[in-house]
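Just the one chain here, laid out as structure tokens, in the form predicted alone.
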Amino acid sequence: MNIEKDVFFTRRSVRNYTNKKIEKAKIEYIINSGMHAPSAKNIKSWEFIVIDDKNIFTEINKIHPYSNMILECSHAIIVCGNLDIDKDGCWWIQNCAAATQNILLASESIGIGSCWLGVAPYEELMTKISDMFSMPSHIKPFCIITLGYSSKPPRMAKTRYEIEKIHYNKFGTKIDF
């Protein structure tokens, strides 16, 4: 194991991008990776909107309070849940989260920076994004992922490993690795 090279440990939220456009093949790889995420009941209740229009980025930035990085990115992906596929209406959040994580890790693996911007469960923001993209009522925006070539060199974070958050066989019993 080489933690310094492993995408699980090197991936960071990137908020500053160069003006270099991401190649179409890389965007396809990133989306394909999202579609290979685990899916509750194997229903794959996700949909993806790929954006590369700077005018749309400006409009998103006007309604999303934490989205300044979108103004610099090459592409963004809106990950959405499809309630026509998720008849129970309860699996789309887990499925979209898994797809999002795959997208973030796939991006890191090919040298593309990314940042996860939450949308769900904030109803007002979900409504504004839905309206902006003319989503039918059965499509729910989960998050927006910005993508681009990072303008800063990647940095290794301090460890996030916290052994006190690991319990053995029941809550409150510590484990010794």
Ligand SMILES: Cc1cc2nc3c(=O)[nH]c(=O)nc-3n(C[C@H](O)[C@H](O)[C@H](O)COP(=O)(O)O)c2cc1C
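This is a predicted model, so every value here is computed, not measured. Throughout, we count residues from 1 along the sequence that is shown.
The form predicted together with the ligand is left out here; the points below concern that form.
Heavy atoms of every residue among Tyr66, Gly118 and Arg160 are located within 4.5 Å of the ligand in the model of the complex. In plain terms, the part of the chain that comes close to the ligand in the model of the complex, with a heavy atom within 4.5 Å, is 110-118 out of 110-118, 127-135, 53-61, 25-33. Contact check for Ser13: a non-hydrogen atom falls within 4.5 Å of the ligand in the model of the complex.
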